[in-house]
Structures are given as structure tokens and as C-alpha cells.
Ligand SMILES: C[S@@+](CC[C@H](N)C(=O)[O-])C[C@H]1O[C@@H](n2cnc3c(N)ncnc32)[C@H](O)[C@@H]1O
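A single chain, nothing else alongside it, follows as C-alpha cells in the form predicted on its own.
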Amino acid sequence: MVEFRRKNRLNPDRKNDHRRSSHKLQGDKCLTLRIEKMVQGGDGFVRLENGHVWFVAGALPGELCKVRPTFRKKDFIKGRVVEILEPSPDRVKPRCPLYGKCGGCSLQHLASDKQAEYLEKVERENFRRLAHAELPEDFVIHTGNAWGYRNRARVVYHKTPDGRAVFGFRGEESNNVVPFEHCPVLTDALNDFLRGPAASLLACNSDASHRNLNGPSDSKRNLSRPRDMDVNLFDNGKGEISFYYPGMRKSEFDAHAVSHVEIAGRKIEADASVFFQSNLGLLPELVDAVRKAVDDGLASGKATNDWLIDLFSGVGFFACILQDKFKKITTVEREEGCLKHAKANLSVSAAARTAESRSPVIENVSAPAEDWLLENVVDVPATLIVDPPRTGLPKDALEAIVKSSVNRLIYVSCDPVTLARDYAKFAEAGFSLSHAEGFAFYPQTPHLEMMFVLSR
């Protein structure tokens, strides 16, 4: 997704991570394995003659590695490289000293200029295996700066027992805090903010926020303990930093959390408590791809300019950018925090239009996408954009789209696996893949955004 929604690639929620289960292994002997290929998530894959499947963190295709098993289940074993016996020519020394300790940037051992090539192979195989189809030959992955690109992150504000304040990320396979002084994937502005005013801005409010979270009865004894506080940071591309943390007072939220970003000639309002794309440098390429897909749909007659439906719309990003093309626009987003920004973005953008230009009818709906689809009849070939979370389209939403008069949709995905799954269901209903593009918004990680254009 490109919109403000519940996504956090640098520090994912690990409370259900199977690697923390009782099956975690310690002290097992290392094996020597030849890595066959890379799979979703960036691990190396090996299938042994006895049928055992291994997923190896830190390994590249073709490498001969000594691997320590870390987790075992009935149908697979997870392991980690402890020594590279025969390295891949594409292997490089990780730039960050916290590689393997911090929970982010797990692909730093692969040369930056090779990462898109490897990810394309992974996604072509995923699509073949999960959707029983081939990605188009002209499928391309757009890339940008490999370092210093990330304008959004969640960091941990950590108070040490001696009262010092440090910033860190969650550790690999744990919730431990890994302090850092400089993160090579963050923008210069974010690094400067963390080294400079961040600590003082947060220090005067962190105790208050923890009192709010823990309640009056716990506040006194908690003040003497070390404490961790997640903080969302956002650089709007002009070096202006907004931030948010749980329990933030409204006065501070209004002063420090709200941000404005200029994309494709539009000024987009949001705040640091909700999701926004983390790579502003590459975002215009996705915008151009979606615009072209919309124009092609209108020109083909499979979609019309009567109605743009933007499902999982967040702050109305796509609707705001595309609104000049449509007579009516409906944004659907369940998060109330996003809805207020969608209303502001579309109203401000509409007000900025020329007097000669006709403003579209705008409706911003706060509801789950599947509920809205079930309750509203789409009986015209509307232009439809869906940008769901990692879980993909809910079953009811997909079925409602299939039963509607929509003959063409633009599907923006932050998880290629659920995208392939959903495409297989659309294909069964008569849709075909007209166009596909990838966007490497998160260099040094195995994550990939994709855009599909589906039509029938």
C-alpha cells in the first residue's frame, strides 16, 4: 500500500512469530548445504534427498554454506548461515554494523543492483506456483536509491536504568531494543532529527504518555523503571519531521504529528500515526503507472469516468491525484484517523481547481471495504482501485467485485503472495492480467510492491 494504513515493514509485530516457539533449536550441529534458490522473504531454499526442506537466512542461490538449524517443524527446518564456503558473486559485505541484530534490512548481503533481479525471479515463481499462470514478459521492477531512501520508520525510544535516552529498532527475532546512532536506509533528515531535537522533544512528554497508558495506580513506580516507547517518524521530503507516539496529548499531536507531502502536483495531508509510503523518491513512478492504467481503462471503454471507487483508500491518496478525471468519487476506508485526512485532501484539492473546471461529487466512507461493497450496488463499469493490506482482499470483497459491473480494476499490493492468491480467484471469474509492474520501495529488504491491471 501506498496509503496510510497499518503497515510496518521495518519492525513487524512479532507476537505470533513461530521462531519464538518452543521448537526453537539450540546447540544442533551445523550442516553443509548448497542453496538452490531464493524464496519469498529472502531466505535461501534447499530440498534434501530425504525430502527435508530448509529455509536459510542470510544465504544466496548457488552458495555452499555451513548452516545452523534454528527452528524445526514437521514439514520444514529454518536455519542461519554461520559460514560461507563458496560465496555467490553477488554477495557483498553488509554496510550496516547492526545487520543480523536489528530486525530490518535482512537483504544487505545481496548487492543492491542485483536485488530487483532476484526479487523478480521469486515473484515469477510465486505467481506460477500460486496462481498457475505466468507474469507478463514485460513485467518490470522499478528501483530508486538503495540507501538513504526511507522517509518513514518506527523507532523505539528507550530509557536506560541510569536515565539516558536512546533510540533503537526491535531486534531480529525478538522485541529487544537494538540502539543505533545512524541508520543507512533512513533519510538524512530523519537521522539528523534522531541525533538532535528528538530526545528533548520526547523527554518532556514521555512520562505523561506512560502515565496515560499505565493508569494512575502504576504511574509512580513506572517512572523509576526503564521504559520503551514506540515512536512513528515521517520526513515529508522537505526535511520537515512529524512524529507520533501512543498516549500523545492532543496539543502535541496538533503541533508535531500532522504533515503535508507534495506528490504529482497535489498537497497531501496526513499524520505520523497512520501509514504513508516510506519511499517518496520512488512513489511518483507508482503514481504514473496508476494514472496510465486509469487512462488506458477509460480509452478502452472497459471503465468510465462516471465513478471512481477507491477501496482501502487511506487518506484518499489515489482519489486526490486522480479526481480531475471523474464525475463522482467514493473513498472507502475503515480507519477514522484516515477518513479525516481524506476529507481534507479531497476538499482542499477540489477547492484549488479552476472555476471553469467541474468539481466531482465526493463521498468519503468510513467502513470495511467488504461491508461497503455488499451494501452498495455497483451497476456501472466504474473505475476501481483496490489497495488492501498484506492479507489481501477479504473473500466477501472479492466476490462482490466479481458480481458487480466492474470490468477492469487496478490492484495495488504490498504482498505478492496474497496478490497471486487473489488473482487466481479473479481468473476463475473471467478476469485476465492486462498489465503488471513491481516497485522496490524497500531496498535491502525482500519486500516488494506490485500493481496489477485486471480486466474481463
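Numbers follow the displayed sequence, beginning with 1. These numbers come from a predicted model, not from an experiment.
Heads up, the form predicted together with the named molecule isn't pictured, but that's what we're talking about next.
- Stretch 333-341 is the answer when you ask which of 333-341, 98-106, 70-78, 111-119 has residues with heavy atoms within 4.5 Å of the named molecule in the predicted complex.
- Put simply, residue 61 is far from the named molecule in the predicted complex: not one heavy atom of it is within 4.5 Å.
- By the criterion of a heavy atom within 4.5 Å, residue 41 is excluded from the residues contacting the named molecule in the predicted complex.
- Contact check for residue 367: a non-hydrogen atom falls within 4.5 Å of the named molecule in the predicted complex.
- Shown alone here, residue 422 lies farther than 4.5 Å from the named molecule in the predicted complex, counting heavy atoms only.
- The single contact residue among 187, 383, 277, 345, judged by any heavy atom lying within 4.5 Å of the named molecule in the predicted complex, is 277.
- 312 is the sole member of 312, 149, 307, 169 with a non-hydrogen atom lying within 4.5 angstroms of the named molecule in the predicted complex.
- Residues 387, 388, 389, 394 are the members of 381-404 with a non-hydrogen atom no more than 4.5 angstroms from the named molecule in the predicted complex.
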